[in-house]
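For reference, the chain that follows is the form predicted on its own, supplied as structure tokens.
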């Protein structure tokens, strides 16, 4: 049994301006001990996927499909059942650490809360245990006595990672954990993730717009566009031989080291803009920006094809 299995997951947001289809018929699985990267542009549905798994979607969301965690159906469970899982078996590192920590309370009073709630620990015992997880992310226990505003963004993000690890979760969902820090801190966080991966057996879903960040730590990659999963496979195969035109376009935007001083490589950009969420294109949602598109792409939605060890949503592989 997979640790997490998502079947035909669709999410819509009902707004005064109309309905936004954030996710459409997403099928995905995460094995135990596996790191999965979810990549794509802003508005592709990456964060909605994470919030759906942990059931933190806003009230105007309409959800269908199934999310099975260790065989347990998250979507049909009662809220009190979800509270026993959320923050313990499934934890989340949110995108902005500045809004995750209350500036009025010291760090030690906040990041030990999951241990106090889920394991009935005293505040003192929880802080003592938290010291171990702080050391895992390269921090000293000094930070427990600090207020959040006394710490840098990189330190705050590492605090959130330590808190997520403290309850020994089976799955961590990390939503853009490196987007609010500079390149040097980003490299530190990625090194920490790789080190922790060697020492523990938890799984992770890493949500990011940066495909290079995901490729440096993830076993598999899921590429999303306009709410659809367009390519899924091992990181090695997706990077070395991308199948979907959108994946190819994403990789062509990444600067590569030159093989020689005389060699020049002009970076390309994906033409056009992401689709209007209230009025997505008919057929393949990527076809207005795709260099391989032909008449069928604008008329008919592609079916998912299996290409080697890859799943690809594109007419190029529909025969």
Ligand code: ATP
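These figures come from a predicted structure and were not determined experimentally. Positions refer to the first chain, counted from 1.
This next part talks about the form predicted in complex with the ligand, which is not shown.
60 is the sole member of 27, 60, 252, 64 with a non-hydrogen atom within 4.5 Å of the ligand in the predicted bound form. In the predicted bound form, the ligand sits within 4.5 Å of a heavy atom of residue 20. Interface residue remark: residue 279 is not counted as part of the site for the ligand in the predicted bound form, having no heavy atom within 4.5 Å. Although the partner is absent here, residue 273 is not a contact residue: none of its heavy atoms lies within 4.5 angstroms of the ligand in the predicted bound form. At a distance threshold of 4.5 angstroms between non-hydrogen atoms, residue 41 is in contact with the ligand in the predicted bound form. In the predicted bound form, 44, 45, 46, 47, 48, 58, 60 are the residues of 44-71 with at least one heavy atom within 4.5 Å of the ligand, listed from first to last.
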